[in-house]
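Starting off, we have a lone chain in the form predicted on its own, written out as structure tokens.
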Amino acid sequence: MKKLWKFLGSMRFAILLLVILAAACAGGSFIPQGLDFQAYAARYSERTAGLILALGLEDVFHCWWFLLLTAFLCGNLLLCNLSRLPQLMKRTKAAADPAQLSAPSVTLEGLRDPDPVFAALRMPKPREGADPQGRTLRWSVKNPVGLWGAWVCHLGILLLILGFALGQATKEEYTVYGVPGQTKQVGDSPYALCIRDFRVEREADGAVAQYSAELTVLDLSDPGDPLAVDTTASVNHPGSAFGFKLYQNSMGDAATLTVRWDGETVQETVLCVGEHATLMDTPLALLLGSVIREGEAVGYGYQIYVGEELYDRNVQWEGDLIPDFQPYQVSFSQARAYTLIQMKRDRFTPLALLGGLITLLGLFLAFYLQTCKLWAVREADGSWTLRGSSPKGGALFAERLREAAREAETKRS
């Protein structure tokens, strides 16, 4: 059992988990997510589609084995940190204890005064005491917190992975699209999205500069007292409401389908390109395939279906009627842009951000706060023997210590 726990908290196991998780993430990037068997079979083959669904590769970041591997990685990091904590606390205590003098990186003998060397290396003010032989001892420890750099970094990575995994497992994500003036239900949630306005901002040369949607998110949990939050979603500038982030994800063309009978409007529907509507109580369905612009003229590419069979396809120009629906007068009009909004809510984003900040703190402690210890013992002839140690960069520290001692002796002479 002891060997098992040691392996679960080892670096070898962590590297194995990271390799498998990296391969899974790569698979999730190359394989389109969220499709059904037919879609995968059309893209690859029926055998490959079955394998994708069997392995859960159609939703990699939520499948059971990905979450299990992530849990093992978090457990590995936790065990690694817990196993190293007693030793790290012991090292920290030893750094401040003059009776626990570590093996020196460098030893300098015959110094007349060690204080200028302490000052040159910007060591904290030396404390005085006696060594085990009763000789006068001066010592100082600089940046003992630097010993905790790797440990803090591991803790940050643990929180980062944990925040990401919990966020992926519990996040809410919806796609809503429509034209200004429409209010759409947000999936199966108690929220609705009202699209107040959608603007396409252009540069002087006509190039698109920005897409911006003015939105209102409604919380309909209590129909008698709905809550509303106004926000704006632009490309690279998401809006926010009720813990959701709202992203301006895409846009396209839309038009109004109007059906009249004896001059009276009996059906009016806004269709985005790719959507269809059934006409009245007939078996006919009309699909808006495209919006065509030729100078000032606007046309609407459409397809007519009888049940699931394609009956006809053609183009109707603004002001004309589609001739196949007599005695109804059927036409498309009011071409305009629709906006597609992605709504995401991840309650564990703060945990992942905290993990990222702690990881950066750990890297700072590890690379920029070099722990070093310097102590001087007064010999019987009145001279001082100076010793120093640094667990990281010992050779560099030794060179700096020799240089500081040479400069101190030169000034004293």
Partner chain sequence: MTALLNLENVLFYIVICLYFLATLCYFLFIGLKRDALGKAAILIQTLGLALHTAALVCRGLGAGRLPLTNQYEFAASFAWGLCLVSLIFIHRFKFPVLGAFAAPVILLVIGYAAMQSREVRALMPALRSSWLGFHVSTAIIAYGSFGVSAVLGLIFLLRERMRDRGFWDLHVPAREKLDLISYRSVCLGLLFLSFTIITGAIWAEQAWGSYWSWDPKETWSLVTWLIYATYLHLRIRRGWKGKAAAIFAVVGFVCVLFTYVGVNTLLPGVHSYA
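Residue numbers count along the first chain shown, from 1. Fair warning: this is a prediction, and the values are worked out from it, not measured in the lab. Between two forms, the rigid core is defined as the largest C-alpha subset superposing within 1.5 Å.
The following text describes the form predicted together with its partner chain, which does not appear among the structures shown.
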query: Contact at 53, 276 and 282 by its partner chain in the predicted bound form, all three, heavy atom at most 4.5 Å; finding: no
query: Of 209, 297, 169, 82, the one that lies within 4.5 Å of its partner chain in the predicted bound form (heavy atoms); finding: 209
query: Residue among 123, 270, 157, 106 with a heavy atom within 4.5 Å of its partner chain in the predicted bound form; finding: 157
query: Close approach of residue 58 to its partner chain in the predicted bound form, 4.5 Å, heavy atom; finding: no
query: Partner proximity in the predicted bound form: residue 203 to its partner chain, non-hydrogen atom cutoff 4.5 Å; finding: yes
query: Any non-hydrogen atom of residue 342 within 4.5 angstroms of its partner chain in the predicted bound form; finding: yes
query: Heavy atom of residue 68 within 4.5 Å of its partner chain in the predicted bound form; finding: no
query: Residue stretch of 149-157, 188-196, 308-316, 110-118 approaching its partner chain in the predicted bound form, non-hydrogen atom distance within 4.5 Å; finding: 149-157
query: Residues of stretch 382-404 in contact with its partner chain in the predicted bound form (4.5 Å, non-hydrogen atom); finding: 392, 393, 394, 395, 396, 399, 400
query: Core-aligned CA displacement of residue 277 at least 2 Å between this form and the one not shown; finding: no
query: CA of residue 121, rigid core aligned, shift of 2 Å or more between this form and the one not shown; finding: yes
query: Residue 288: Cα shift of 2 Å or greater between this form and the one not shown (core-aligned); finding: no
